[in-house]
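Shown next as structure tokens: one chain only, the form predicted alone.
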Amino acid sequence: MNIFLTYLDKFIASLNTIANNGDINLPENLNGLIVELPPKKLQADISCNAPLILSKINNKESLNLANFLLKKFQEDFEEFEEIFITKPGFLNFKFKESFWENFLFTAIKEKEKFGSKIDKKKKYNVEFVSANPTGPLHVGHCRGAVLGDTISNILKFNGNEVVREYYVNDYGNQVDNFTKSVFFRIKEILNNENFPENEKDLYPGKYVADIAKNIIDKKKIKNFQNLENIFENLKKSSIEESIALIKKNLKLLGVEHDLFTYESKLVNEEKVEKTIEKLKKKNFIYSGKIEAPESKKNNTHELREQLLFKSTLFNDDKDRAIKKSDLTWTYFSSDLAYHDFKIERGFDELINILGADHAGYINRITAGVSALSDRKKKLTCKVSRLVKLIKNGKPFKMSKRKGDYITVEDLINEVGKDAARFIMLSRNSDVELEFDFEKVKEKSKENPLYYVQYCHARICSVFRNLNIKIDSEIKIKDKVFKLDKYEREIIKKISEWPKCLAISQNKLEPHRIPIYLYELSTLFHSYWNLGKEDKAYRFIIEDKPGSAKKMNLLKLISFIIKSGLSLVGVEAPTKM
């Protein structure tokens, strides 16, 4: 039960009734009406801005309108203990104890599904990671992997169908250079020939030697004397080994894709040509000239006729080239073909998780999806910003080509899967993240994962000591259901969980979940510590449950913590 959406609907219904009676005027829509948490200093549970958004159309001061609406809402709603006004015109509502009692027992029945909401089941494609198949994943990829996987988890939790997809860019110069690098490592292993360290665009990392050894050991290729003769087979084997390494890295992180789509397959099936032809028929392709990039404007830059896509028709800042100067297809044209392949599979919505270096690419590809789908399909791109590694108090730099970087495997070995995932989601993906190796291993409040997991373990210990299963019905009943001020803060926080999940899905911002779990855990630990001084706050008194209310609050907290950690892809330990 999302009380914020529930009471938004109820207040709108009440306002419509008041308007139908001729007492107020309403605008064409009430999109600006919100129900939210009031400031913490106010003794209220929810707040509404109705007087503020209705004052202009009714030609009344918002405070005067608030007084009028307060009286009307008092007549319409029995569940509020108190309604009061704060400047400049907010209505604040405090629920009766009976409301919270009903809320608690309704929520408990849903167990770990509490907070999920299925409006209309949709089919989503979530493409994430999609790192070039030229070596293992590094920490930068890790953040995008966790982001995409958690978004997928949230969508599925809310009843949607989700395909997790990885796009393999196994076509072009970078893969050719990677293949050459593997070949030189093979020659080094077999013939003791020196690897050409100074040759431009090669991949000299140690992992390339490991891939070379695996290819030699599998004996699929018999003769390594001439690169030209074995190039295609070696490229295929090199990509297979690299993808196997990437899948291993992802599995260590708790990530498994449903589908790997290969660019080479789309090229071989002439998907690019077919997609461009489709755009031509829609009159979105033309021959023309585009201005030089800012970086080249001061240099000699030849303006030439190019095949261009009319992306400016779809809110891009300029039209985009489809072919290079050598008349081969641009990377963008291949990406158009790939997204057309997504559209053809009938997804309702497409989501791309992009690295920081692709942030400038969003407008053109969203324009492409709009053009190819006749504006019927929505593509949402989320950018995963850089991760700054801190080790021993100093920045740790990485370079994929040189091989001097921390891989996902290194990270997991150092801090574990749970810490890696939780900390990667500790901030909005739109901002850079500092990952301090020492801090994520602390066993204190300063380590948010530890604090959340410890909350769950503490609750499990209560039920274990009482010999009660945590998901069983509490048989005891309280004579009177009454919340003290600490319990009221906890249940108010619990009421925010459905809202947190809804916003996390609607805005594709899963970082809200670990932040919420930490805040809920902080309230719980504070309450737990009160019991050290006053037994009235204890959950166990003389080997018996303190009260049914307390036990049910504990159960609901544990369900939320376990559910939230599961969405993040993290364990909820019962002992610590």
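Numbering starts at 1 and runs along the sequence shown. Computed from a predicted model, the values in this text were never measured in an experiment. Think of the rigid core as the biggest set of C-alphas that the two forms share within 1.5 Å after superposition.
FYI, the form predicted in complex with the RNA isn't displayed, but the following is about it.
Colleague: Report the residue, out of 138, 271, 235, 385, that has at least one non-hydrogen atom within 4.5 angstroms of the RNA in the predicted complex.
Modeller: In short, 385.
Colleague: Name the residue from 312, 380, 102, 174 that puts a heavy atom within 4.5 Å of the RNA in the predicted complex.
Modeller: Only one option qualifies, and that one is 174.
Colleague: Mind checking whether each of 39, 330 and 461 has a heavy atom within 4.5 Å of the RNA in the predicted complex?
Modeller: Per the other structure, all of 39, 330 and 461 touch the RNA.
Colleague: Please name which of the stretches 254 to 262, 121 to 129, 165 to 173, 210 to 218 has residues with heavy atoms lying within 4.5 Å of the RNA in the predicted complex.
Modeller: Of the options given, it is 165 to 173.
Colleague: Using a 4.5 angstroms cut-off on non-hydrogen atoms, would residue 444 count as touching the RNA in the predicted complex?
Modeller: Although the RNA is absent here, residue 444 would touch it in the predicted complex, with heavy atoms inside 4.5 Å.
Colleague: Quick one: is residue 361 in contact with the RNA in the predicted complex, heavy atoms, 4.5 Å cut-off?
Modeller: Yes.
Colleague: Taking 4.5 angstroms as the cut-off for heavy atoms, does residue 427 touch the RNA in the predicted complex?
Modeller: Close contact exists here: in the predicted complex, residue 427 approaches the RNA to within 4.5 Å, heavy atoms only.
Colleague: Please tell me whether any heavy atom belonging to residue 465 falls inside 4.5 Å of a heavy atom of the RNA, as the geometry stands in the predicted complex.
Modeller: Residue 465: yes, in contact with the RNA in the predicted complex.
Colleague: What residues of 53 to 75, in sequence order, lie within 4.5 Å of the RNA in the predicted complex by heavy atom?
Modeller: Sequence-ordered list: 53, 56.
Colleague: Determine whether the C-alpha of residue 328 shifts by 2 Å or more between the shown form and the other one once the rigid core is superposed.
Modeller: Superposed on the core, residue 328 moves its C-alpha 2 Å or more between the shown form and the other one.
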